[in-house]
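Next up: a single chain in structure tokens, the form predicted on its own.
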Amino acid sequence: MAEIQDLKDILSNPRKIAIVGHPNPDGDCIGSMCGLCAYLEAAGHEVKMATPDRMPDNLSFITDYTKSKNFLYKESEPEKVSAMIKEADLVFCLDFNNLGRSKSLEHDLRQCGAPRILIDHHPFPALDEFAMAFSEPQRSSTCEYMYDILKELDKSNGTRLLGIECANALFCGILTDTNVFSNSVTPRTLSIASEMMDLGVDKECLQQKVTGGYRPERLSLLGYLLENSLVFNDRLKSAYMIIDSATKKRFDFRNGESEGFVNIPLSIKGVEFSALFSHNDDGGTRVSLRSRQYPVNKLAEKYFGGGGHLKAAGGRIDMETEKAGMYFEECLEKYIMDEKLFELNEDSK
């Protein structure tokens, strides 16, 4: 990595460092932030972290792997977050590929005078927005890439700052973004997992924390959706579920509790596309898309104002959630025909 020497030089003296992530932070976002924080704290830097909104309760344990646990949210502490970014000597932007994806943090990030460093695994990064960029879309997760970056920093510095706390945080992110090693896995992914376990990471313990820390209401919600909300379209080889405002209220929905739901319909024979639509408090709809083999990132970019990976993407639409399913099917049909993905059976319309 040619940029490692530049990063080494930038970090050669103690600095005030801000680490920021994306809205609705998931395990990869939180894990990469806390993993980097643990490493930088061990190197003697002053580190603070922020995301636009709160992390899911079941993933909050990841902050225990940092010394300061200094995690702020723009939605609840806007002045503190703005000051954190303004006063930083260096800003790391993790797990998003352009400043617009940071939503409520975008203005602060564009106004700050400190160099911005990107570390991410999403395609099509806006490289001109960053002083330095580490971007590899072929990686399973930002946490996987972060591990190799920090390992190279240690090698270059002759140090061993990548310790068990850092490894634990990064391992959590790999677990979540690969759906517990079931997708986007390469030989390097498994090699890194093995190296982390050699450092002392307890895979079974972390896996239980990541996948087993939910409230009973989450399971009740999933059962309700499968029975009352799951819609199939054999012609489009698709399925979708909708979490509307009434359903959220009924099950006292909390951020992160629908994680993984969108993957479930793909376990059904014949389903190639899966979607989950969730009501946002601002009146719009959050969109999650998955596929077995087709590039849903193109679908997300063209019709849902988003993007992502080949088989896992997302976005947002300014539309009532109840109308999202019909819109999805209309867009998917156009997409299949435009991209010539497969032949549609017109007789089954």
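Numbers for residues come from their place in the sequence shown, where the first is 1. From a predicted model like this one, the values you see are computed outputs, not experimental measurements.
Keep in mind the form predicted in complex with a small molecule is missing from the figure; the text below concerns it.
Q) Does each of 122, 286 and 314 have at least one heavy atom within 4.5 Å of the small molecule in the predicted bound form? A) Looking in the predicted bound form, the three residues 122, 286 and 314 all sit within 4.5 Å of the small molecule (heavy atoms).
Q) Want to guess which of 320-328, 40-48, 64-72, 305-313 is within 4.5 Å of the small molecule in the predicted bound form, heavy atoms only? A) Heavy atoms within 4.5 Å of the small molecule in the predicted bound form occur in 305-313.
(Q) So, residue 101 and the small molecule: in the predicted bound form, are they within 4.5 Å at any heavy atom pair? (A) Output for residue 101 is yes: heavy atoms within 4.5 Å of the small molecule.
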